[in-house]
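Quick heads-up: it's one chain on its own, the form predicted alone, in structure tokens.
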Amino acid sequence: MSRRYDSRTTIFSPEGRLYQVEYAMEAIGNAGSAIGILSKDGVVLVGEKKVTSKLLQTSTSTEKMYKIDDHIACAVAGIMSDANILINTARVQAQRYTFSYQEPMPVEQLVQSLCDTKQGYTQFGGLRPFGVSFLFAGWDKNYGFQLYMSDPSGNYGGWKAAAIGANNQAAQSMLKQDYKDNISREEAVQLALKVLSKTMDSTSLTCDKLELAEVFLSSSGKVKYEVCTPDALSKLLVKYGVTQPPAEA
């Protein structure tokens, strides 16, 4: 039945479904997973890097985490070329707001404007939806630390803990069990690594398969976005018992 209705994004099926949008979400299910956790003193983002070949030169920059503005960052799951377009759009919107109003753009306002762009690609003929989901982490003076998740349909929502990408259902149910209100940033990192270690397809976690980033307030009260270095990440993995320490030569 779906075959008659899945050729265009603009046609509803008799059951009221948009198949192309659902297929876009399916594509994200095959991408490397990402987890975001909101804590009382920051937001933690952890992403799985898919290493497709040993011959591939590992990227020196991050490939799952992106800084949008000084107070907002995001984790990505899906088609990276699509994500780059949206991230650039978000960066321009954030800078325009700062230029116009001389203050940082509220987190939800930025997420909503980006989701409006995504929604447009599900309603007009000749376009395909962006095959990418985002986890947005940020801080603003109105609502403090916030975590949002958005998908190709243009829907978004605020979450305390969320997972996107491969095995996101299993990760989401584990987060539902183990997440506690007023969790500290350190506990959030531990929980995110634990959940990722149990839901990732690969047998062992190593620093070259993972990326970890945090948004928090520095001692001076400024919002800080920090990506964990591979060395520090290796120590964290050993500390929380998620991986075995390397054997001494």
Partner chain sequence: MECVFGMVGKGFALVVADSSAVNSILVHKSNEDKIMVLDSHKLMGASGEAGDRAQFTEYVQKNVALYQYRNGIPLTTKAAANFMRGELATALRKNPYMVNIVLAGYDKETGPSLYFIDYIATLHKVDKAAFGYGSYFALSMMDRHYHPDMTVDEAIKLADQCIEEIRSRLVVAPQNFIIKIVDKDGAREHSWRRTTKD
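Positions refer to the first chain, counted from 1. What you see is a predicted model, and the numbers here were worked out from it, not measured in a lab.
The same protein has a further form, the form predicted together with its partner chain, not shown here; the description that follows concerns it.
Put simply, Lys176 is far from its partner chain in the model of the complex: not one heavy atom of it is within 4.5 Å.
In the model of the complex, Gln109 approaches its partner chain with a heavy atom inside 4.5 Å.
At the 4.5 Å threshold, heavy atoms of Ser81 stay clear of its partner chain in the model of the complex, well away from it. Contact annotation: Asn142 falls within 4.5 Å of its partner chain in the model of the complex, judged by heavy atom distances.
Contact with its partner chain in the model of the complex, judged as any non-hydrogen atom within 4.5 angstroms, is confined among 81-89, 98-106, 67-75, 161-169 to 98-106.
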